[in-house]
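A single chain, nothing else alongside it, follows as structure tokens in the form predicted alone.
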Amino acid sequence: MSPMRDLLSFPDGFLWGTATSSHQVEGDNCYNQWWKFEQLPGAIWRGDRSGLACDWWRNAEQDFDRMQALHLNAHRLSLEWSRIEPEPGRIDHRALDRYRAMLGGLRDRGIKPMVALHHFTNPRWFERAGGWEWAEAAPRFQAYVRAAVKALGDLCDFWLTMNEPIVYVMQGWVQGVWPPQKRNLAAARRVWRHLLLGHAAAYQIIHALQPHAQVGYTHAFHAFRGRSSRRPIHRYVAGVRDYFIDRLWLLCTVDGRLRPPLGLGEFHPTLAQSFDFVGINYYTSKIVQFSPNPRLLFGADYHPPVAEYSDRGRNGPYSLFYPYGLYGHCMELSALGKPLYITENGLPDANDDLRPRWLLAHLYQIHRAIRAGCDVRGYFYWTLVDNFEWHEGWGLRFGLFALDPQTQARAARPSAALYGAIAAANALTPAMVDAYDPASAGVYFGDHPDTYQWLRVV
């Protein structure tokens, strides 16, 4: 074997996992605002409902066995606030017992849990009081976090306060396609501020209860680019989106200052350095062209006709294949001096046509970043089994395993075997690439003359 065909090994102890969220997999969860939203005509693509979802509330363990069979050593899941606190101030210890069983089941299988405390869903009582627009939202969230961590902290010391808070704000209060279906920029600003303060409150209480815990959040990054380098207006609106969507939340949690439009720079000491690691959710690059619509931050998504895409969602192509964006984000975020975890990465691909190469390409870019000095410690693929994809319903299939929601039957896609082999080897190997992406083998092992050409940069 030539030097160009050596293994691309990952660091010892690297976490190989999958990611899920409670409402998308547990099933029969009628206590939160999303269940109520699903009942509205036209709210969910094709009229879908979550129903049993992946039936995890009754039988998550069958999928934990699948993780173990794939040699995975980590899993990212979330707690359902509305199950734990179905009424204000009333903690349901039966729900906590079920989560204890889940976390214990993962640990018994050698799988390290990473637990998110908020993943887009809220108790219906919280929504009636005003949700994240409510002035008491942050302290109410902190009280729930305290109860959850006190009950489960002996089984987990790896926490995420929130998942993709800016996606939550944009979809619910700017685009208005998720509950509460508002298009109100003043309310969006208020929610954004309260989410930041809720995150800071959660971070502080977790560390008060577990001083040595690792606590962070996940943030969606998009590698924004202007449609044309020859049109400055496209580059400018890409930069506007980059600031508001990719950077503003992160900057506030670095130095504790609320920048415009969230504030005038006022300092919140509990917010400063309120993360122990960076959770990177990366799916795709967004190519942006100018739009006069302020609700779109003056930039509309542009989909080049000659490009490689995942399956289509209800509003068009879901993901553009651009793995180089993940490398760029890792390199930039490494400057923060914190460990990095890829907390979500995946694509909807029902036929599994692109997923194997997607895995190889994105993991290759992570390996490049590690070689360049980035402290990347884990990768969580979204997701193990097809799940209920919010307002896209069952129309997008992200799973390593295909799921029939009616029968709950699972079937492994070819990419499941590939991901299991990668996790078992803790490496990308020539055999994997020859089997799943032979045309690109030279890129992964260093002898391709033009990496950028292979990455199909638009």
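Numbering starts at 1 and follows the sequence shown. Not measured: the values here are computed from a predicted model.
Here the subject shifts to the form predicted in complex with a small molecule, a form of this protein not shown in this document.
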item: Distance check, Thr18 to the small molecule in the predicted complex, heavy atom within 4.5 Å; value: no
item: Distance check, Tyr419 to the small molecule in the predicted complex, heavy atom within 4.5 Å; value: no
item: 4.5 angstroms heavy atom contact with the small molecule in the predicted complex for Arg98; value: no
item: The small molecule contact at Phe290 in the predicted complex, heavy atom, 4.5 Å; value: no
item: Stretch in contact, per heavy atom within 4.5 angstroms of the small molecule in the predicted complex, of 280 to 288, 103 to 111, 243 to 251, 350 to 358; value: 280 to 288
item: Heavy atom within 4.5 Å of the small molecule in the predicted complex - the one residue of Tyr324, Phe321, Tyr144, Trp382 that qualifies; value: Trp382
item: Heavy atom within 4.5 Å of the small molecule in the predicted complex - residue from Asp63, Glu38, Glu389, Asp55; value: Glu389
